[in-house]
Ligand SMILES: Cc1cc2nc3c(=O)[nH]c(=O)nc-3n(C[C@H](O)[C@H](O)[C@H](O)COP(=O)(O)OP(=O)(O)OC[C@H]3O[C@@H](n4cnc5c(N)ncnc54)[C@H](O)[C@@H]3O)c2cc1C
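Have a look below at one chain only, the form predicted on its own, in structure tokens format.
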Amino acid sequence: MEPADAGLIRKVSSSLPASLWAATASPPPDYSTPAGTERCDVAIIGGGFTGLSAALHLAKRGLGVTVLEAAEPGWGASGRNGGQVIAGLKHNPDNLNETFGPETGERISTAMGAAADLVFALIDEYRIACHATRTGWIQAAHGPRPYDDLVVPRCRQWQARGVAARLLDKSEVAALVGSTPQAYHGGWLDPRGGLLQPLSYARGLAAAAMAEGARVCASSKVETLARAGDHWRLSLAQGELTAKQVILATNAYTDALWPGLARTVIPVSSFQVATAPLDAATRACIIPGGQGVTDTRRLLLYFRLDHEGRFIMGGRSPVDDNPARSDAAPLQAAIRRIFPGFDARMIDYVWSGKVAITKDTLPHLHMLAPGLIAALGCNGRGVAMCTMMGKIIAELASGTAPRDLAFPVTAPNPFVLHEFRKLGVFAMSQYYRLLDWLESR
């Protein structure tokens, strides 16, 4: 294999879309650019949380790793999400047991329940400067039915597995969130969760992987991927890379590089706004404990404060990349509804990114061909879950048998009529909007 410092090492001029995170992130490390013909043990396509975590864990095992990112690490959802560190998956532990059987289901719950632990452990170990706080995560129920059907069972099932979670009644949610008492029917508090600056975390993971010997390349789009004997050949504009194994970690930005893989996810836009830093009096009332908050709507809302006291809210949106300030109107209306005394006009930043949604709202791990692994489908929980999936991928690529992993390897399950996904997303959003409204009454 080539040494980790082979090729050109350079500062990459930022290609990131404008956002609060791009404006306030810690500086990136010096990324590489491939040149000529090179070799490595494992090539990772995609420089988000999944790919960077896989690179870090593979490099710690002594493998030669090269990450290839078309723009720069953190360019996609990893650098544009809400920065909420949430333990577990969207499926409750008991539901996972029903789907996969008790043994596999509990193994998944244990691993994904510890995903937030892994994030904060890596931040501590590698001294990642990303304004991380472990203040917990609140899921707020937007009506009585989601409280009874979703919040209560979820909280109790995690309590039964040793988590010091607690149910919150309507008044407790209002006090912890700073919302009007009518905004939420109740909720639960998960102490495993927390907050961070997501782009800074992505850059910190890249620096940690590089410190362990991995090579992280920016502006390195893979144009073709083909099997060549017992290796894989990756063609780039700058040259060619040969690898024993390849990991596809492109999530919502998966393209046609591997036939049919993009059909297994639906990219959905997530839109966010951030205010100017709040004044001291307002800041003392809005989420005074500093938790991240997500509600139970199908078209969910999520919000938090950043390290400088800005209020950030996000939600699903038809807006693609590079939104305009006028696109913030629906979120401004939500802010006024939940926080009536809040001046929702003071918006400093608007931005959006893509979330990968799968049929079953679970992440997917595939072995597409000998030596070709794919992991995608964050379903809106990418910070912790993708970090853990990267660790699991590293185990698989290092020779761990699929049956011994903490997450199952499955066959790709494409969406039918994927080419009509935009029309389908619009139709389902209208339907979900109606259901959310009915449940909030």
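Counting begins at 1, following the sequence as shown. Small disclaimer: the values here were computed from a predicted structure and weren't measured.
Heads up, the form predicted together with the ligand isn't pictured, but that's what we're talking about next.
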When the ligand is placed as it is in the predicted complex, which of 347-355, 125-133, 156-164, 275-283 ends up with heavy atoms within 4.5 Å of it?
347-355
Select from the listed residues Val222, Ile266, Leu365, Ala183 the one whose heavy atoms reach within 4.5 Å of the ligand in the predicted complex.
Val222
Looking at Cys40, Cys378, Leu56, Ile392 here, can you tell me which has any non-hydrogen atom within 4.5 angstroms of the ligand in the predicted complex?
Cys378
Proximity of Gly76 to the ligand in the predicted complex, heavy atoms at 4.5 Å:
yes
Please tell me whether any heavy atom belonging to Leu63 falls inside 4.5 Å of a heavy atom of the ligand, as the geometry stands in the predicted complex.
no
According to a 4.5 angstroms non-hydrogen atom cut-off, is Gly46 in contact with the ligand in the predicted complex?
yes
My question is simply whether Phe100 lines the interface with the ligand in the predicted complex - judged by any non-hydrogen atom within 4.5 Å.
no
Output the sequence-ordered list of residues from 222-261 with at least one heavy atom within 4.5 Å of the ligand in the predicted complex.
Val222, Ala249, Thr250, Asn251, Tyr253, Asp255, Leu257
